[in-house]
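First comes one chain, alone, set out as structure tokens in the form predicted alone.
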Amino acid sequence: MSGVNDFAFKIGTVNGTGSASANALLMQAIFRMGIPVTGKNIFPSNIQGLPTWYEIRVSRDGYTGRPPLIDLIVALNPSTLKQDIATVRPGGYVLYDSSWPLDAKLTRPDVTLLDVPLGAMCREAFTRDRDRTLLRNIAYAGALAALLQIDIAVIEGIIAEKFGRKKALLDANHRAVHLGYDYARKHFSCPLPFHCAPMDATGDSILMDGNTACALGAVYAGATVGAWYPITPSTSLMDAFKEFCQEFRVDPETGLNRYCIIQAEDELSAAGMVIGAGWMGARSFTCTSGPGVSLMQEFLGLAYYAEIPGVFINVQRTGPATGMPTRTQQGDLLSMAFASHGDTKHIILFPANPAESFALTVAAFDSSERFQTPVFVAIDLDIGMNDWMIPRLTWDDGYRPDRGKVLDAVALEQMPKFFRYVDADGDGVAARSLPGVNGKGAYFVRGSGHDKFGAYTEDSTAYREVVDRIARKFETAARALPAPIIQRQDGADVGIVCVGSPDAPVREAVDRLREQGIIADVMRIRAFPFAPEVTEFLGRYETVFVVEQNRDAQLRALLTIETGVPRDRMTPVLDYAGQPVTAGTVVAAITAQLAGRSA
């Protein structure tokens, strides 16, 4: 039941009308009141004119999944009024702009209408058309502040921070927020039954999106080269990397940039630049989405076989083809795992939130150099572009990049002869050299058949020796990559498996299932190739559910391929319509399956 610090509200507007600033204002204000809060942006892929929504979930228990119910909607888009009003739970509220009459057919007897003349108030208060449009958003933020008991002083403080040096904008925003706030206080019973009350649950947290977190992780890890072709929803990641580099990668004495960011002509070229820089010894990466991964396949295969490091951050979106660029999905699992032709396999790291996006991006650069291979960081639009509350990131003075087996000039000079693909340690990883370090470290980079000495060959035995060693390298990697996170409960007889962003709704679902007497353990996989613990977990339970956001149960297929666990022993829970999965979806699917089996 919704109540104090436990509710969700939604704003329905038109894309391109400036509502993002008002939504961010509300999020920040609730967060600064010490209340756990998250936001989900649902927006179209065109520039402006189509419907857009923003969902804000307030959860005293810290749940970060998409809200199961909407308690209040701000319905400001005439084209979606019917849809928006239908979204609200029975007993909920609809705030609408009463500057224009509401069609009686749209009303519901089980919801309360809150009529606020936002447009009329702004037309009267402001003279410029642009101000009247943009500040209507700030006015609804003010009305919500009164209705939901969001501290108006906190809101005023945020406005002052943003517009403190621009008096005209500062005054206009203050005036707009009070238009809505004062009107709601005068005409409605404030606050509503569900509302905010100060807590102390955000002091060690920050609000951040995953794209920014990945970019910061790349800087922290020592990346100096970024090559990419713009694509939704990953473009803001490289934009953030550029901003961080401009702050931290400029030589203070000479003013010269100590980084290189290149917008390539296409994704294939970007991938080539990444592996070229990786071969030279730079930590390099690209960010893309599913269509970009498709175009990068040739260079991914070259880097796998020639054993060159590079990080590929895939912010997954809905496919296939162009699909829905501004909707979220996990449809690239198989394409990342086996990208390119022939027997290829790639390391994938699966962050579940922006905090792990930071940490696992750092791990990706270390793993890429340690195992001399491309490494994917697989997030999705929900993680990449939405606002999450995460623990405050910390700086570790003890962190040193793991460059792996890189021979310096002294080591090369002491060797009788250097052979690029000889495995001296038996772990599948051969030592490499960097160009220009020492003449004895020279070798040909071959994407064609080569033997362990780096020489061209079409000899079957020599070829198999190299590719079998590479396979052995991935067996080593499986034991060294981030281990799965396993959450156990006494008496559990059901197992749930997931990767990435479904982690939050799955953990919430586990709490709700327990209330129904269903005890479940959860394993969130963080890396591919899979660690031995993955196979062990799958074998513990008679019933295993695999939660993922794609139509074809790709994670389940990958588990079957890699672990040998029969496909039919794992039941898929699939949600692939483009919206973040909810705990309710997981609970409904699992309870229905279990009820059917017991019938």
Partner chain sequence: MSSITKPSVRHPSARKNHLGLSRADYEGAMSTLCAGCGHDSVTAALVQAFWELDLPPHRAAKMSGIGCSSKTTAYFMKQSHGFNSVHGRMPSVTTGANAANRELSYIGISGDGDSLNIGFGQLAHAIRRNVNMLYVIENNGVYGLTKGQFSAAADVGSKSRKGEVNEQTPIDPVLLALTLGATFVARSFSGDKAQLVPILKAGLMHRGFALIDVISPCVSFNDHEGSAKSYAYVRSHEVETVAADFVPLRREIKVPETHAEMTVVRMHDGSEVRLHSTAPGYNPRSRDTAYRHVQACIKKGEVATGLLFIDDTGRCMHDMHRTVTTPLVELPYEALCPGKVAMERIVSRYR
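Numbering follows the first chain given and starts at 1. As the structure is a computational prediction, the values presented were derived from the model and not from experiment.
Unshown form predicted together with the partner chain; subsequent notes refer to it.
Quiz prompt | in the model of the complex, segment of 68-76, 258-266, 182-190, 513-521 with a heavy atom within 4.5 Å of the partner chain | solution = Contact criterion met by 258-266 only.
ask   = Looking at the partner chain in the model of the complex, is some heavy atom of each of V14, S45 and G164 within 4.5 Å of it?
value = No.
Contact test in the model of the complex: Q28 vs the partner chain, heavy atoms, 4.5 Å: Heavy-atom contact with the partner chain at 4.5 Å: present for Q28.
At 4.5 Å between heavy atoms, is I308 in contact with the partner chain in the model of the complex? Looking in the model of the complex, residue contacts with the partner chain include I308, since a heavy atom lies within 4.5 Å.
*asked:* in the model of the complex, is there a heavy atom of the partner chain that lies within 4.5 Å of any heavy atom of R32, even though the partner is absent here?
replied: R32: contacts the partner chain in the model of the complex.
Any non-hydrogen atom of D490 within 4.5 angstroms of the partner chain in the model of the complex | No, no contact at 4.5 Å.
Listed residue (F358, F376, Y96, F365) with a non-hydrogen atom within 4.5 angstroms of the partner chain in the model of the complex:
Result of the distance check: F358.
Item to check | Proximity to the partner chain in the model of the complex, single hit among G323, G272, G119, P529 (heavy atom within 4.5 Å) | outcome: It is G272.
Does anything in 428-448 come within 4.5 Å of the partner chain in the model of the complex by heavy atoms, and if so which residues, in order?
-> Read in sequence order, the residues that approach the partner chain (within 4.5 Å, in the model of the complex) are S433, L434, P435, G436, V437, N438, G439, G441, A442, Y443, F444, V445, R446, G447, S448.
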